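Consider the single chain below, provided in structure tokens and representing the form predicted alone.
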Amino acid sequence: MPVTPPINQSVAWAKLRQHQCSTRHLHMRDLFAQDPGRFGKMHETFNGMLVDFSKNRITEDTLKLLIELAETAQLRDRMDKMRRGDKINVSENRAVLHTALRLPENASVRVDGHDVVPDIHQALGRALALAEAVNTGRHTGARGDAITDVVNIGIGGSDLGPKMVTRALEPYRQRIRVHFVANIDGSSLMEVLRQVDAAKTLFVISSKSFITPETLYNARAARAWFLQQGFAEHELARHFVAVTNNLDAAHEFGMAAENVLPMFDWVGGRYSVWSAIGLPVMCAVGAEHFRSFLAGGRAMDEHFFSTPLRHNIPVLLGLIGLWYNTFYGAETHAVIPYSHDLRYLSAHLQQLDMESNGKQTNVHGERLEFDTGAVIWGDEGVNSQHAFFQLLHQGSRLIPCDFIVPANSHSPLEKQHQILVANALAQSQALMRGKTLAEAYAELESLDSHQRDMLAPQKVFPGNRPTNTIMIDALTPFNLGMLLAMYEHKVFVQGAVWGINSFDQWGVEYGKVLAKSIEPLLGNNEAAAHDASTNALIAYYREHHEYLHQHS
């Protein structure tokens, strides 16, 4: 079967290269001045969400050429293959069906001839029922106490997604306090254990394989702590549940069969919050709000799969991001939610995007000759304005940004929310407009000429810094579902156009393999057979770890 040439050898790619060269001098300030209707042409609305992409270094011709590139990459065909369950994760021979997790019960998607939708809803029903039993007090601890705290032990997608969603939906929390432990650093677990009562705590161990070292060590430590509180082995079953594919390992750990919830091979960890991995979210907000979260994701799926590319929100965001990453050489992309409840969104999107598209070879194993995934980073606004915005405004690097702004707040402090929104809108305007030398001089007219000559250049802002502003009516479960699904599809769009497999993560595994060979050497005096630096670090650790142990 012939291999499709890499996308950078296409006519569409060459046309975009030429277009970038001929338009890179354009300034957004001028584009807005020349076209008062620019915003009207360059924004989309959908179900209480507004996406303003007018503050970008693009013209309508840019969008046409980007869409031509997407069509050359057969984006629509790749979207259809994902939706119907084709095995587009070619390196692991798996379907990619996180979208199926959001489907209604009357839908149908087949993998190897088997309809997976009934399996999805059976697993979802079991997870929601367990969460409801915990929330209502029907599921008690071993000695009859109502559960007050849930401790989720997982890492990667089994931690970042559920933690982000749980914290984002804090205004909807019913009764249960939810804690998250991911880091194998013992301080992470002990910090949580000091806050909970063993008799009233449920531990959720989330691991697809149930052999992930970080999760398993933390789970064993939590198990040992629980037994040290005076509980017996047979009482573990009321306090420990698992979300895993490895049912035998979970049962061996001490889980009751009814408390082991399944995962699916065709869902990657970073896409799994919609599944039983979302059990901590379900415990926090209840079944109704979790189903609303799923409905929001499903609504964005329908928009993505059915809307023409020119008006397709994830497609537009993906292509505009690709424009900067690959054609402008912008290496990073900042995500800045103007919402305290969304403070963990950037961390979740780091894994979603960088683990998916941090690749240097295409699906055929050929080395790519262009940049792919951006470095995703960010923090909540307005805190970040007093931290890294100086670099965004006056630094030498081009850093595209997404601003995410809820129009309404759950907080009763309305004036503070108004100030928050004003800051978000002002920052996107300032990044677009900039400040000229003449404007800086005019601001300093009260100073003498020497002071003005010295200070004015320092007050110049180049502007022309791109932003997308994503405004949602409010941070509800439904809108959060739309927002997350939007970013999932954006990542897919970019990977599909670049021609990479966004659904494996071999780079995550290599360091873990090496760690297994190093860890035993840290506790004995055997000769280390690694490189000189690693051997020296092992020796230094041995010496100083023993010293601290002897003198503690």
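Each residue number is its position in the shown sequence, starting from 1. Everything numeric here is computed off the predicted structure, so don't read it as measured data.
There is another form of the same protein, the form predicted in complex with 6-O-phosphono-beta-D-fructofuranose; it is not shown, and what comes next is about it.
Relative to 6-O-phosphono-beta-D-fructofuranose in the predicted complex, residues I155, V508 and K512 are all within 4.5 Å by at least one heavy atom.
This chain is drawn without 6-O-phosphono-beta-D-fructofuranose; in the predicted complex, the residue among N357, T212, N135, N312 with a heavy atom within 4.5 Å of it is T212. This chain lacks the partner; the member of P400, G269, P406, G297 within 4.5 angstroms of 6-O-phosphono-beta-D-fructofuranose in the predicted complex by a non-hydrogen atom is G269. Residue contact check for K208: one or more of its heavy atoms lie within 4.5 Å of 6-O-phosphono-beta-D-fructofuranose in the predicted complex. For Q351, a non-hydrogen atom is located within 4.5 Å of 6-O-phosphono-beta-D-fructofuranose in the predicted complex, even though that partner is not displayed. Partner proximity in the predicted complex, defined as non-hydrogen atoms within 4.5 angstroms of 6-O-phosphono-beta-D-fructofuranose, places exactly one of 521-529, 46-54, 500-508, 481-489 at the interface: 500-508.
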